[in-house]
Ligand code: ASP
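Take a look at this single chain in structure tokens; it is the form predicted alone.
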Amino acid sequence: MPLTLIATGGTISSTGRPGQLDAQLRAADLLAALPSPVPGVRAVDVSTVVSSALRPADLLGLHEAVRAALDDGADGVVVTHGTDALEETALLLDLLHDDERPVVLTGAQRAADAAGADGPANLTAALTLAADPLARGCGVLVVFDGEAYAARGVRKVHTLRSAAFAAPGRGPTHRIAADGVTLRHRPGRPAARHLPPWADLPRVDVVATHLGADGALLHAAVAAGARGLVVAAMGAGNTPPAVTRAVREVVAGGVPVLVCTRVPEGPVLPLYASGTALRGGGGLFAGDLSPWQARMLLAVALADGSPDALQELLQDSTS
């Protein structure tokens, strides 16, 4: 079985007028809309929704569908997905992916019936990459507008344009064009995590930092049931003193806190007294991961249950 296409919905599956777009097309419809047929692709549907409606259980179900496709003999798997949450899903799948065969996520910025729909070109590129030997051993990849990015570090960087994704500070891994696939760099492949069959992704909340912020939202998140927190700090990892105190308090209560930046590019480092105090209060710096990917990493570490899982995942994902 050459390839399996797993459809989840998103803009690539959506039709209708602006303001009323709704995911409707299924995997077979997406394949039928390609400008050139790709033979031998198995079509699977796991959902038909916009990605902002996906729940943690849906993502674990998607992982199981990917695993089942590989167990059935697929040489590679392509997943169509909404762009809103694509970077979160990509990281989750990558953290759990333990196979040399590629898993490629793609989607669209314009609806299937819009003028200049970009879904067919993105899906063609994703299928091309998934079938190419240069994708083997690269883990989970995201394909958009002729370029591929490793799951770790990829971000949605524009709400509307077709080149919607980038990997700030890391760059693309592959280029996909009419003349074939070019490898630009091979991403590292840390060991995959294996969650227990009964595992669920626990609640992890992201709290943004701004001038005058205090610790109220951190404490409220914990009170609401969050088992972990991500702080979107200023600059290279700085927070107002009240936030730093709150981090110390929630960490002392057994809730881990990851520190990211609200800045689009660059890592967090304890360069200033504020960052040093934050780290001294128990905050763990998450390199250049976006707050949204750090949230997914922390949820997987908590679901794993191993006392070393978080440190190992941080080291693997930020090195």
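Just so you know, these numbers come straight off a predicted model, no measurement behind them. In this text, residue numbers run from 1 along the sequence as written.
The protein also exists as the form predicted together with the named molecule; that form is not presented, and the subsequent description refers to it.
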Quiz item: So which of 34-42, 65-73, 47-55, 247-255 is the stretch with heavy atoms within 4.5 Å of the named molecule in the model of the complex?
Solution: 47-55
Exercise. Answer with one of V154, A108, V143, L218: the residue that has a non-hydrogen atom within 4.5 Å of the named molecule in the model of the complex.
Key: A108
Self-check item: Candidate from T83, T239, T173, N122 lying within 4.5 Å of the named molecule in the model of the complex - any heavy atom
Solution: T83
Exercise. Note that the named molecule is not shown here; using its position in the model of the complex, name the residues of 5-20 with a heavy atom within 4.5 Å of it, in sequence order.
Key: G10, T11
